[in-house]
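Presented below, as structure tokens, is a lone chain in the form predicted alone.
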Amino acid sequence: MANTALLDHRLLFVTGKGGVGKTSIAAALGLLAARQGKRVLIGDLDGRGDIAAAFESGPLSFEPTKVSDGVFAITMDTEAAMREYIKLNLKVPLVGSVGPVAAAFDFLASAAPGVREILTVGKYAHEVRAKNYDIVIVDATASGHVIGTVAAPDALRELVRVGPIVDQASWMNDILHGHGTTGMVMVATPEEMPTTETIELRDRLENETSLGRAAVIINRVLPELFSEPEEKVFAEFQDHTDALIAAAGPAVEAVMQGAAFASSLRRSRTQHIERLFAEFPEDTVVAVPQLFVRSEGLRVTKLLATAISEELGV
């Protein structure tokens, strides 16, 4: 049984290898939190996420948009984030475009690691600090890049010793590394590369940051087609396929081949599921079943939220 404290965090970063469904999982976690009566903000870090599709809402912007009961969503916008940063942290009123300021910022960001993340990660940390939402869920960058994102405030403090930027980096660190406040949700599918990347990310989190692991979500777990006794019966049927075809017609062959393929695929993925359960505490691992649906959208988000809820026991 997975840890029911997952949604007690104030800030969750959801990451994983590309293609494992991290955006869908982030949306489902937001919907589940709202079902528990929480006020939720979901957003991305680079403006490339597709939270809108997960809720079948219109286009998102930097201003929060209500996408479901209790759930608000935004998408990152550099100029809007810069405007808000200057207003909140430098106490400078802005009128009109901040294009020239943003251009100067881009130049600085290219030279100083961590500056850009002060805007992106800082936006979500600010929402936590301001207590505008009960939980903030971030559809983060892929697992190969997320460490640099969340470690940016520390890197920046090594470069800048005084001033408003380093002050913000300090309180951001308090939120990012506060016990029980912020956690990393690592999404994997039961395949070799996603499993390996998840374990490697765990090691980097432990060695390079003090950010806590909130959960490992194994997405798209195929159902067990046969129990062990049933598997033996099926094997006997396979030995007599010709007789079954003669008795019931050629459609039997397609059914037998399909069942054999599904059973084999499930067995090939079991080793990766077992590896993740062996590498991580059992109460932090959530197995989410494969949803046999043809499209993404709100229906899928609801189904995922229900599946996660059942695994969490909430």
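Counting begins at 1, following the sequence as shown. Treat the numbers as computed from the prediction; the structure is a model and nothing was measured.
Heads up, the form predicted in complex with a small molecule isn't pictured, but that's what we're talking about next.
Shown alone here, Lys22 lies within 4.5 Å of the small molecule in the predicted bound form, counting heavy atoms only. Proximity of Asn219 to the small molecule in the predicted bound form: non-hydrogen atoms within 4.5 Å are present. Among heavy atoms of Pro64, none comes within 4.5 Å of the small molecule in the predicted bound form. The small molecule in the predicted bound form is approached by Leu304, whose closest heavy atom lies within 4.5 angstroms of it. Looking at 22-30, 241-249, 65-73, 275-283, the stretch with residues near the small molecule in the predicted bound form, meaning non-hydrogen atoms within 4.5 angstroms, turns out to be 22-30.
When contacts are defined as a non-hydrogen atom within 4.5 Å, all of Lys17, Pro289 and Glu296 contact the small molecule in the predicted bound form.
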